[in-house]
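Here we start with a single chain on its own, the form predicted on its own, put down as structure tokens.
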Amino acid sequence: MSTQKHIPVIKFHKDKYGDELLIDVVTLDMIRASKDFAKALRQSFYGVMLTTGGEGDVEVDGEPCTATKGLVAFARPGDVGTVTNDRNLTALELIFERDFILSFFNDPHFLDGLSYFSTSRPSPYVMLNEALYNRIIGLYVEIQLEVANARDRHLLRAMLYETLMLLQKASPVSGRKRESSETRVARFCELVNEYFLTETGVEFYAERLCITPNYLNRIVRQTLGQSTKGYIQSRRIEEARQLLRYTSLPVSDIADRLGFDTPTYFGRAFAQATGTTPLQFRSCPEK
């Protein structure tokens, strides 16, 4: 996994061609050459990466897969993606903003209804057969040419729609066995033990694990029976118990050490979690 401290969010270059355009086809080499390229990236737009040659390891929101010719990887806004162990991997990625395609429809849920963009998708990958690959790669090239030259938005929307509907015909393929939820949650707990004094946001821990906050929230609740924020807070309260029991630090200093904005806020949070105030707990710590 990545050791970078933050996952860069890549935004759409709307004015790349001089006027605002919310669709493009880029090569993997172009992405690698970008100043924003990093081991793990989070896109703010939709991405459909088609592998055209070579081989490499890709991962979308925690699910890894070996990319070979014909594999398509789908990324939704906010998904974390990585490309590693690159073995002459080549690919084209169709990227677009939601507004570009939805301006063509009255249905605001059109994209969510596509199996590969759905929140309940079985996999972020499909494998194209030769006939479908040839049709899709042809559309990618046509979109590239239209974007570079005439930039007819109506034609581009029509080609994007055709591409998305053709991809619905492809069968999803499972990636390699992903790291189990229990393992990810165990790593989350280790991170909380290390950083709970200074980091209380879900995003921080999700980035360290190279997954989205929503996914982290889901597996923590499934495994621990409480929310991610609730677990972080319980770890802070447990530390407060130890400090109250075994030190003579003033309550205000404990609140500050644990990152609470004010002693009053700390007192309310402690009482809500334990049923007693910090001073009452200190006077009778066995309760």
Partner chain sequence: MKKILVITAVACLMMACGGNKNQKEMNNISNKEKAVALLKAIETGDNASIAYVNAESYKQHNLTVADGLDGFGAALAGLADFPEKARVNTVRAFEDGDYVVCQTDYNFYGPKAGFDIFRFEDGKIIEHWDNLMVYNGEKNPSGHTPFDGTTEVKDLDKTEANKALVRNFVQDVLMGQHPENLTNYFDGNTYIQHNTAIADGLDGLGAALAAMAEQGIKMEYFTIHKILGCGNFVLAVSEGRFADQPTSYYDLFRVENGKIAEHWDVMETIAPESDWKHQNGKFNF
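Numbering follows the first chain given and starts at 1. Just so it is clear, the structure is predicted and the values come from calculations on it, not from any experiment.
Missing here is the form predicted in complex with the partner chain; even so, the following discussion is about that form.
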request  = Select from the listed residues Ser181, Gln144, Ser123, Thr200 the one whose heavy atoms reach within 4.5 Å of the partner chain in the model of the complex.
outcome  = Gln144
Contact residue in the model of the complex, from Gln233, Ser252, Thr223, Thr52 (heavy atom within 4.5 Å of the partner chain) = Thr52
query = Taking 4.5 angstroms as the cut-off for heavy atoms, does Asn149 touch the partner chain in the model of the complex?
reply = yes
ask   = Quick one: does Thr27 come within 4.5 Å of the partner chain in the model of the complex, counting heavy atoms only?
value = yes
query = Does any heavy atom of Leu102 come within 4.5 Å of a heavy atom of the partner chain in the model of the complex?
reply = no
task = Determine whether any heavy atom of Asn214 comes within 4.5 Å of a heavy atom of the partner chain in the model of the complex, and answer yes or no.
result = no
task = Using heavy atoms only and a 4.5 Å cut-off, decide whether all three of Lys69, Asn134 and Leu155 touch the partner chain in the model of the complex.
result = yes
key: Residue stretch of 191-199, 76-84, 135-143, 115-123 approaching the partner chain in the model of the complex, non-hydrogen atom distance within 4.5 Å   = 135-143
task = Any residue of 87-117 with a heavy atom within 4.5 Å of the partner chain in the model of the complex counts; write them all down in order.
result = Leu92
